[in-house]
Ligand SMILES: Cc1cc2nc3c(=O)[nH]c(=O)nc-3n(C[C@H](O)[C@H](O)[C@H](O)COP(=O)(O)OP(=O)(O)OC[C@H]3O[C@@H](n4cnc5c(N)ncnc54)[C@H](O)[C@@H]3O)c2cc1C
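The chain below stands alone and is given in structure tokens; this is the form predicted on its own.
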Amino acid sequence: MPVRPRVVVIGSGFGGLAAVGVLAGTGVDVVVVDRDNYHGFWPLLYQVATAGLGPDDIAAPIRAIHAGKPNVEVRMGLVCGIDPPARQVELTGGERLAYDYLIVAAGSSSADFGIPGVHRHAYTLKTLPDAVRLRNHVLSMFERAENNAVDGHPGAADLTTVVVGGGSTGVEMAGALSELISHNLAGEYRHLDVGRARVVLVEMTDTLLPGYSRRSQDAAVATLRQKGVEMRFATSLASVEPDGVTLKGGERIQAATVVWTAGVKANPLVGCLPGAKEKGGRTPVADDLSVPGHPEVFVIGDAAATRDRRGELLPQVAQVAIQGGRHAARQILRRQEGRPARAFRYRDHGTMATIGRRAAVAELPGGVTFAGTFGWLAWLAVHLVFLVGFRNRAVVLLNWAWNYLTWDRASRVILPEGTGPETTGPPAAHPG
């Protein structure tokens, strides 16, 4: 009996999930390796961080997703190395997995651009634990401010959040946080003047949402201003301290919370692959998304330096990963059939960002642009479609409907960090 080729897929994000979907039920054996046992819908992380959704609402167990696919095996573990000549990946603990084909869909991590204090004092928003940690911290700061107000020592810094980065994540985070404060927390603290709370968005360019049309950018700026968000344009951070930030121009903003959404870099795992890396540590790939010199290894999504027909790097967004995952899987099947590989061609389905209740911008191919309520409805529909699992879609839809009718963000619980039964106290001061 001939030995079936083994395809190892590192990561079960958008790209990895799309690749396995193509390979399921075919003549190859698939091993999915992920450090977590769930697939997370990362575009909604900011809603977990701002108490709009719970962690389980945007996550689905990987084993449940792939149940009923007899040629797909799931392995929970952290890949710490890739050995292309030996065709093996190494997991922490020393275990090695052999492969005939490899799809690296390891995603990205936050880049601090060498700014002092970012890693130590700022909160990132890349994983579910990040989102829960940030939610814990923000709510804990309001509790601390209430206690201080009772004692006659109110502190403005406890109620100040600085969001760094004016891309989609930063804009969505700032808008949702301002709504949480003004429509939920404002009426819940007897001794605290919640009106003193500040959300400050810092962006190094002269506007928000780089890559969007000027009309969408202006709409985002106007909406955030209406929500009371302060904005600092054409500036960046000089440093992050435990009690705030210092901007390049010398301005000092005292803040108990700093949220870093300003940049990403490829997962360091791609450093194991040959070849000089490009911007953000992304690894160069051939037209078919394989690694030059190693046609059996494919890199997709945020970790790959994938280019469009003009030679420009594609953005690190979900659709690039999804289409790349499907393409890489199809090339593996073509090779098994003895057919030549095909070049990857990205199809832009548009971009969108929500700025809050009935406020969003959506830009579709052909110059079609929506803003306000229509943009918001389009954003809701697209995100519901791409959520994995009927339960998640139903729960998220119910939560959104309840929030729309009542303004209530129900996930405002402070969860102790750690796993032991005696773990208590406020959240850790700094993420990972």
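Source: prediction; values computed, not measured. Numbers follow the displayed sequence, beginning with 1.
One more form of this protein, predicted in complex with this ligand, exists but is not displayed; see below.
- Checked against this ligand in the predicted bound form, the candidates 175, 107, 166, 324 yield a single residue with a heavy atom inside 4.5 Å, and that residue is 107.
- Shown without its partner, this chain lists 45, 396, 388, 51 as candidates; in the predicted bound form, only 45 has a non-hydrogen atom within 4.5 angstroms of this ligand.
- Within 4.5 Å of this ligand in the predicted bound form, a heavy atom is found for not a single one of 161, 203 and 231.
- Contact annotation for residue 33: at least one heavy atom lies within 4.5 Å of this ligand in the predicted bound form.
- At a distance threshold of 4.5 angstroms between non-hydrogen atoms, residue 66 is out of contact with this ligand in the predicted bound form.
- Taking the partner from the other structure, this ligand in the predicted bound form has no heavy atom within 4.5 Å of any heavy atom of residue 227.
- With a 4.5 Å cutoff on heavy atoms, residue 273 does not count as touching this ligand in the predicted bound form; it lies far away.
- With this ligand left out of view, the stretch that reaches within 4.5 Å of it through heavy atoms in the predicted bound form is, among 248-256, 336-344, 276-284, 78-86, 78-86.
- In this stretch, 126-147, the one residue having a heavy atom within 4.5 Å of this ligand in the predicted bound form is 126; the partner itself is omitted from this view.
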